[in-house]
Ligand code: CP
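Take a look at this one chain, the form predicted alone, written out in structure tokens.
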């Protein structure tokens, strides 16, 4: 890990990524004898969150750490206090690790010079969501690759959905490039990724994109990240469902594709509602691995 922060998956070396995955899957939550009065973990969530916020909070408490959870509306961020000032004040009250979920207008890279404590990016605008990519990786390494990195490299994974606005896609693209994984993308043309790493491809044809796939990662349609003044046309939704919704027909090719989604799922939009009980769904396993990965990262930082 970099000396201070985890803002991108590229802050980790390929070796450390593999270590984190293996430790979280095999060993689970680390044992920690921290005292109740140990320095606290500050969680600043400027956007709503269920899985990320809850798993980080539970992970911190499992390590014996108190948590301070702030949303933008119940803090002085709503009074135009800067994020920098907010974190400095939290540090003055005893917080030593900071977890940040931010909106698109926060330049999280500018926070690399923040020096009073480690900072973890828990999803920044449309940039990256490194811990989500790491927990996804732990899920497929454990479940679909038999805990073998060589087997994982032979698999083909396809990401489908709102690539343009997805921070998960940004982290996954970097992660796949670093580890030599076979990753490809599918979306409507207007939601295509701006850049691709070497070896990664994009298509607007779902059937073509899924050919030869081991599994797929469906992404949420992120209406809240549309540009100002841009509205969601019901006809666009109808077209998306018609051309890009994942159905049982898509998944039952060959031995059946593994299905993932970072959540929250818009059932009936990204995924056909009948897939709620699909036998090769890994969605809840992703959630379970989230606490394990995040506790490992916090443990490293707190040490």
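Positions refer to the first chain, counted from 1. Nothing here was measured: the structure is a model prediction, and the numbers come from that model.
Absent from the display: the form predicted together with ligand CP. The rest refers to it.
Chemist: Indicate whether residue 48 is a 4.5 Å heavy atom neighbour of ligand CP in the predicted bound form.
Modeler: Answer yes; at least one heavy atom of residue 48 falls within 4.5 Å of ligand CP in the predicted bound form.
Chemist: Is residue 30 close enough to ligand CP in the predicted bound form to count, meaning some heavy atom within 4.5 Å?
Modeler: The answer is no: residue 30 has no heavy atom within 4.5 Å of ligand CP.
Chemist: Would you classify residue 218 as touching ligand CP in the predicted bound form, given a 4.5 Å non-hydrogen atom cut-off?
Modeler: No - in the predicted bound form, heavy atoms of residue 218 and ligand CP never come within 4.5 Å of each other.
Chemist: If we define contact as a non-hydrogen atom of the residue within 4.5 angstroms of the partner, is residue 132 a contact of ligand CP in the predicted bound form?
Modeler: Yes - in the predicted bound form, heavy atoms of residue 132 and ligand CP come within 4.5 Å of each other.
Chemist: Please determine, with the chain shown alone, which of 62 to 70, 260 to 268, 273 to 281, 239 to 247 has non-hydrogen atoms within 4.5 Å of ligand CP in the predicted bound form.
Modeler: Only one stretch qualifies here: 260 to 268.
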